[in-house]
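Single chain ahead, written as structure tokens, the form predicted on its own.
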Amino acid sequence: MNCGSSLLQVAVAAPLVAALVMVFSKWLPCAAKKAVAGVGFVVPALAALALCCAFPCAEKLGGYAFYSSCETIGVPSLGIWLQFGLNGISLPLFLMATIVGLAAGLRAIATKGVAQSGLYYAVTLVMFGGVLGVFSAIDVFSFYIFHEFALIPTFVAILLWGGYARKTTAITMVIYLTLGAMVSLAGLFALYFAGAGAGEYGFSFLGVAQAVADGIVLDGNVSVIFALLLFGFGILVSLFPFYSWAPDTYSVAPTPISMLHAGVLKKFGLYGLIQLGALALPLGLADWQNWIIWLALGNIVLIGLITMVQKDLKQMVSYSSVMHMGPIFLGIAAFAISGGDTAGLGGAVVLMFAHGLSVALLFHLGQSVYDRTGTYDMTKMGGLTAKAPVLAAFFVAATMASIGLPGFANFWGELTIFTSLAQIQPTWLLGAIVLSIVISAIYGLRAVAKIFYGKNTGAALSDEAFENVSDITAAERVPAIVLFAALVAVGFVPSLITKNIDATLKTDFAPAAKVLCADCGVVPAETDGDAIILEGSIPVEVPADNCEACGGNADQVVLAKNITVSVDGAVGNPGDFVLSGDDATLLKVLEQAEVDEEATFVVVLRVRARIPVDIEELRNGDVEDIPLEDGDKISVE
């Protein structure tokens, strides 16, 4: 075990140890309680920053740095044991979790008049430790257990310190999340028994990635397995129409719990869909891509319209959190829609990172507004800029980040997702997706106008009370600065996280991308006629029976104007080749092109000819090469 592995374990353990100390908080003075809790919140954030700096040069195992395992916790014979590590996808989410956790912890420590403060800190710390485990655990069952472990404090916090109708809200949350947990667990078991956990590293993200890279075919119905994961994780993430538990939960829960749950824990399902669903079940994702599009539009449009009519500030932020899950789901679907382009997945991870920060910042600032006005009802507020200009500035900045204004991390996630959906059909759906920005601007700017501009309405604060309103304190500014700084840093230098994300997507998701590209089958060519796209091994995919592009005679020949073969690498001899005799095959072209396997870009061969191919031989895998006619001209780019 190296230093980085130990540091990762310390980051996960620190809040849990601090929570354990809180068991004896009855005998600790108030200052000592806050000091111990503060250590539990600060240590993971410092460790995460150190791990981010060390990640590029760290030794990696299958793309995972800081790997460690403990076979005594688990059943190795079943491929299940505790494993930790970070790759380019989990690293930014782990960093985001520590930043949001630090801000939520500082908010909890600064809360005045809370009953049973030691228990309050302990519950928040346990939840924080759970979410850190979610994004650092490599084995799938620990990943799942950490999520369930983090949910318990949410339930406890709502019952003990929640707002209006806390019992009903807690029970509703438990019913929904138990259902989602059971469905997703069924999907994980199905994935396990399909053979995803049979490798050297068991049923883990690392093991699944290696199985995919080795071309291991899952022994199961990938569409059914993906559906279980989609709807199980979807309930946990508040995918439309399974969202009604989320807004009430975030509104009733204490603000630090809302920050952690909406900002971090909700990303559990999305993270699982990317690391397991998109990676191991790309054809299942392709089967359900249209469902994902329409359900995500439900989040964007329908829940967006509900958000617009909210008068309660915390309810508005809660519904907006649900709404912004829509674009992230679309980023995942874009992986299938685009035929294996990973840009959408990268945009989804960036938006998960940015949304976690921005929604936590809005919940934090919303609590600051409540502390000064005594209400969340925006119709009873007004003119706070005159008395709290710093609070107003932070709130406007958080609103702009949520909208996706350039200069904030959210912008890069949304832009990447939207551009990756260029092939979506029908094209008017793109307009509906862009509508999310318009809706966000409407409810966000309206909230700013009602709370901070105009005149004090007198409904919440009398004129005398309004004159005594103060700006946010130092204890409130520090969490806001922490969240705001992270949003701006990635907004101006997105490569801080995207370079690691892109590297992981390029390597780990390449086999899944090839499957999706092959699944495209016959697509329109750039010139007149049709094209068969062959990528990777030859052949990969052929048209369906009796397709029009095959000339109506699929059993005999394929008539094509263009056949494109893409291979990883560069060519030593670019240009045109005229083949004759025994050299008239595509593999001979690859040999003559002198492909450099260490290069990072793509070779494209374009065959301009009408080529007869026996489709049945291609389907059965009996043909290892594509014969060309004597004298065919091949262009190598």
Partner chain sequence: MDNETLLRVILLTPLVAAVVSAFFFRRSRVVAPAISVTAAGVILFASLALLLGLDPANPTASATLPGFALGGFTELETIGLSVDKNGAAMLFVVTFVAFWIHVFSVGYMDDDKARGRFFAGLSVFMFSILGIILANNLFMTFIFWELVGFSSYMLIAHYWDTDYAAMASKKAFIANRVGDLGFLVGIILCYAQYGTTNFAELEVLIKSGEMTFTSIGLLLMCGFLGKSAQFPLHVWLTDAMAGPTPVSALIHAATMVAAGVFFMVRIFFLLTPDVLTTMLWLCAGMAALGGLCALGQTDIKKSLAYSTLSHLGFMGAAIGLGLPEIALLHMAMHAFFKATLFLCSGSIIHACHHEQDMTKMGGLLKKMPITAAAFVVAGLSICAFPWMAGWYSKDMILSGAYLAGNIPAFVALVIAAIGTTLYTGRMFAMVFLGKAHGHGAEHAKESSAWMTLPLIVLGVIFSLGAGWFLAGTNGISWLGGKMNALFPTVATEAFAHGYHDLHDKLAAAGLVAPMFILGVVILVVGLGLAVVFYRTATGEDKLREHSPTLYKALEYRYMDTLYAWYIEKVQQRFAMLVAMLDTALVNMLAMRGVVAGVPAILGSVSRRFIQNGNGSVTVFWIAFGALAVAAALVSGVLS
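Positions refer to the first chain, counted from 1. Being a predicted model, the structure only gives us computed values, none of them experimental.
What comes next is about the form predicted in complex with its partner chain, which does not appear here.
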Checking Gln210, Thr385, Thr375, Gln289 against its partner chain in the model of the complex, the residue with a non-hydrogen atom inside 4.5 angstroms turns out to be Thr385
In the model of the complex, the residue from Ile257, Val359, Leu230, Val350 that sits within 4.5 Å of its partner chain by heavy atoms: Val350
Establish, in the model of the complex, whether Leu159, Val396 and Met400 all lie within 4.5 Å of its partner chain, using non-hydrogen atoms for the distance. yes
Mind telling me which stretch in 98-106, 275-283, 236-244, 185-193 gets its heavy atoms within 4.5 Å of its partner chain in the model of the complex? 236-244
Any non-hydrogen atom of Gly163 within 4.5 angstroms of its partner chain in the model of the complex: no
Does any part of Thr507 reach within 4.5 Å of its partner chain in the model of the complex? Heavy atoms only, please. no
Within a 4.5 Å heavy atom cut-off, is Gly215 in contact with its partner chain in the model of the complex? no
Close approach of Gly431 to its partner chain in the model of the complex, 4.5 Å, heavy atom: yes
Going by its partner chain in the model of the complex, which residues of 290-327 come within 4.5 Å of it through any heavy atom? Leu302, Leu305, Ile306, Met308, Val309, Tyr319
